[in-house]
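Have a look below at one chain only, the form predicted on its own, in structure tokens format.
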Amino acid sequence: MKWDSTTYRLTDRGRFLMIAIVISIVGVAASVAAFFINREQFFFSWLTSFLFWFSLAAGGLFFVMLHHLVGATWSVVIRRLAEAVMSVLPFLGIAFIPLLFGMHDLYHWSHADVVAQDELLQWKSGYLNTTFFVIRAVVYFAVWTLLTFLLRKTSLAQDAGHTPELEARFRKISAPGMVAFALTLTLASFDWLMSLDPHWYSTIFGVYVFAGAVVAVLAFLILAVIMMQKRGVLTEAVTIEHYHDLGKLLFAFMIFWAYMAFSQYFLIWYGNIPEETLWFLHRWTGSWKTVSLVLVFGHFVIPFFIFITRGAKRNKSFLSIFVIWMLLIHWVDLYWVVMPTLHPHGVHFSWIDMAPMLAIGGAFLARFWYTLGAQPLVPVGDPRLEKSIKIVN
């Protein structure tokens, strides 16, 4: 991997793109085999993997819009990486297609005979029906694709020369875009995750999913920069000050995730309504209880006391281990949300869980790296770039 420090462009992308493509091909082959071996397990594993990589892309879109709305300076040098992450979002619509073929395996409300015998599902059938489900998914991806396209187009136009009109355009896209993002992500979390158990509901669930997505994308951005700097890329542009800022933001959203998780649990425990408590009871049964405790301590308690220090946010060796752990625990979180529907009596890890992770993950990383290499690694036309490089906490 080589790059030109004057133009901020990669002159040699290395073998990462080819490796990612090969990983995806192997994952697709393994996924095909998994489908024929255990169809139901395959679709639940595919849903978990899809949501993991989707949450990174969605988090990237949020990061870019937030950057423009608040007019941040420190994150200018990170913006292009976040744009490359969000650029994968439209292509994840392809990875969503298998879930449409697995709707009857995933969602009980998609069976007409089940709905006919369940009064509650009959009341919800105006929203929970296959036709409307597909229409909503198309609308979600259309909104995300439009926002991604407009932000990326404006960003590349800025490289040719910054104008006040471009700065205003960023905000005109991001302001309504943030509202649309909040609505679509919330509804998508209801559709794809919460409706796995159609009798259960939580008005805070969308925020819970959002918080996890932001934690994941911040961890991914930190890891991406560390890996690139180990190969001599962005060594002067991204400093320890940027790691510190990313670390502070990650720490904040880690606490926010915990706050949402506890608030959801506490209100349901306090209300003690059977339709609500059943969801948590399933996750306190058998070996799921262990996973629940792993999330409590591994996603918040232990990371909180370790990462609260200033030094932890400025040590790249520690950060690389920490963010890998946060990405792993994010996958565990999604697994904990999805899999008790299929295995209510206990955890049942399978090699099938990894096949879709490789298939979707390889394609995700390939698209990310291709997009990143097709443009300067930093927004060279941004007037705040020099200040961003020299930022000091």
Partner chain sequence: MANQSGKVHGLLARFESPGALLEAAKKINAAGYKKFDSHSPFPIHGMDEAMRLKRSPIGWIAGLLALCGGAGLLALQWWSSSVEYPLVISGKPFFSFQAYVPVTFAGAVLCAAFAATFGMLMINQLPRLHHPVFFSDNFNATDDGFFISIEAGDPDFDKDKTAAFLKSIGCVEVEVLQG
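All values derive from a computational prediction rather than experimental measurement. Residue numbers count along the first chain shown, from 1.
Another form exists, predicted together with its partner chain; not displayed. Remarks below refer to it.
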query	finding
Options 258-266, 174-182, 187-195, 106-114; stretch whose heavy atom lies within 4.5 Å of its partner chain in the predicted bound form	258-266
Close approach of residue 203 to its partner chain in the predicted bound form, 4.5 Å, heavy atom	no
Proximity of residue 272 to its partner chain in the predicted bound form, heavy atoms at 4.5 Å	yes
Distance check, residue 199 to its partner chain in the predicted bound form, heavy atom within 4.5 Å	no
Interface membership of residue 230, its partner chain in the predicted bound form, 4.5 Å heavy atom rule	no
Option touching its partner chain, based on a heavy atom within 4.5 Å in the predicted bound form, out of 310, 289, 316, 153	310
Contacts with its partner chain in the predicted bound form - residues in 379-393 whose heavy atoms fall within 4.5 Å	392
